[in-house]
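Taking the form predicted on its own, here's one chain by itself in structure tokens.
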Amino acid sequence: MENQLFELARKRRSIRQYGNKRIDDDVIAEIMKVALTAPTSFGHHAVEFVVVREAEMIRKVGACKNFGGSQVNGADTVIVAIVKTSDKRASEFWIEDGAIASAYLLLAIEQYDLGACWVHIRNRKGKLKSSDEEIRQLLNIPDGYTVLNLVALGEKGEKKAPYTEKDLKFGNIHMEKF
């Protein structure tokens, strides 16, 4: 039985080194369409994105995280996943909603054979404030939104072998009971 989603998912690996190829705006638009199809709690669609393409701004966004933010350096694009946490109806599940949308992004990026890496922002420290506060200020994101993560993407600058069925931890699956 062919499982196209498994074939895509097994190839998706975190890439932290990027080539110099510029990603076409149309490809970015197609990737973003996939992210907008992600389910959200109660259908509130509180997840939004800031797409950063300018190299100096990408570097500044990465610098808003004391440890681990440099993995965006060299990326062609950084997608900032933000959630409207001021919406009381959507705020209970904001982390889950943002994470699901970001997972959709990662798979959509792999579909175009591009590299990508999730960069965690929630509860991380910046230079003077939290990473969230510094990124919101840098990108003019209004109050009432919270930055969950970044997704850096670009031409793959490193090769990683796809997962095989031997790599999968089938013991982590429990049927009916643990």
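So that there is no doubt, residue numbering starts at 1 and follows the sequence shown. Remember, predicted model here, so these are calculated numbers, not experimental data.
Keep in mind the form predicted together with a small molecule is missing from the figure; the text below concerns it.
Since the chain is shown here on its own, which stretch among 116-124, 42-50, 29-37, 56-64 would lie within 4.5 Å of the small molecule in the predicted bound form, judged by heavy atoms?
-> This holds for exactly one stretch, 116-124.
May I ask you to state whether K156 is within 4.5 Å of the small molecule in the predicted bound form, using heavy atom distances?
-> Looking in the predicted bound form, residue contacts with the small molecule do not include K156, since no heavy atom lies within 4.5 Å.
Answer yes if any heavy atom of S14 is within 4.5 Å of a heavy atom of the small molecule in the predicted bound form; otherwise answer no.
-> Yes, S14 sits close enough to the small molecule in the predicted bound form that at least one of its heavy atoms falls within 4.5 Å.
According to a 4.5 angstroms non-hydrogen atom cut-off, is S91 in contact with the small molecule in the predicted bound form?
-> Output for S91 is no: heavy atoms all beyond 4.5 Å of the small molecule.
Does the small molecule come within 4.5 Å of any heavy atom of Q71 in the predicted bound form?
-> Contact check for Q71: yes, within 4.5 Å of the small molecule in the predicted bound form.
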